[in-house]
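Only one chain is included here, represented as structure tokens and corresponding to the form predicted alone.
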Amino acid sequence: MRGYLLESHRGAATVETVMTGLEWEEIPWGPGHHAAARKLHKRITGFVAVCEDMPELHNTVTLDPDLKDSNGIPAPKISYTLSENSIKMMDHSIVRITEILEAAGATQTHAVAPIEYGGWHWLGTARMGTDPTTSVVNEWGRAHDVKNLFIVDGSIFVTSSGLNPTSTLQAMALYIADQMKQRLETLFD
């Protein structure tokens, strides 16, 4: 359901090539290291599938009942698991990416899903909406329950949208600031 975006890059820099080659056991330590690195240099490219991870009620941010900071304030506890839909999208994207790479002449492919060290954008934990029973902030970023609290970050998104959120975050920040300015006289009513 929904879909994903494919991102590609034109190749890996030298250090990334060597680190990738070591991880995939394509480049050994010791004898043959430099020859294997030269063989892979400028011959690695990559794709990333950015999936639209749909809202799941079991994915939450709550206060940890045990872990507290030095002032006794509970730490946030993130509970997250990939949905069946997200797993299906990742599997589908790996098949499509492999087809693309092989059509372009790739002789070898490797897949990692989900990526371990990548850009995970935790979004939707304080979702925006008009109904206080299903959202944390109203349509212009003000908390339903705390009138002087405005949330201006990715937590107000209702889904991840399957794209890098930076431009949307910037647009939302400008929108919320403009809404606050327009409502300045009655902002906390």
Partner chain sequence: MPDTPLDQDEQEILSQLAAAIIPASDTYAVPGADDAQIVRDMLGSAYAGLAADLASFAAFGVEKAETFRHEHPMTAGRLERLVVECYYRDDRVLTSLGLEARPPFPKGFEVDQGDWSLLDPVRAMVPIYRAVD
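Numbering follows the first chain given and starts at 1. This structure is a prediction, so every number in the text was calculated from the model and none was measured.
There is also a form predicted together with its partner chain; it is not shown, and the following applies to it.
Novice: Residue 14 versus its partner chain, in the predicted complex: is there a non-hydrogen atom within 4.5 Å?
Specialist: Yes, residue 14 lies within 4.5 Å of its partner chain in the predicted complex.
Novice: Considering non-hydrogen atoms and a 4.5 Å limit, does its partner chain approach residue 41 in the predicted complex?
Specialist: Answer yes; at least one heavy atom of residue 41 falls within 4.5 Å of its partner chain in the predicted complex.
Novice: According to a 4.5 angstroms non-hydrogen atom cut-off, is residue 35 in contact with its partner chain in the predicted complex?
Specialist: Close contact exists here: in the predicted complex, residue 35 approaches its partner chain to within 4.5 Å, heavy atoms only.
Novice: Using a 4.5 Å heavy atom cut-off, state whether residue 123 contacts its partner chain in the predicted complex.
Specialist: No, residue 123 stays farther than 4.5 Å from its partner chain in the predicted complex.
Novice: Within 4.5 Å of its partner chain in the predicted complex, heavy atoms considered, which of 27, 136, 50, 152?
Specialist: Among 27, 136, 50, 152, a heavy atom within 4.5 Å of its partner chain in the predicted complex occurs only for 27.
Novice: Which one of these stretches, 41-49, 123-131, 137-145, 66-74, sits within 4.5 Å of its partner chain in the predicted complex when only heavy atoms are counted?
Specialist: Stretch 41-49 is the one.
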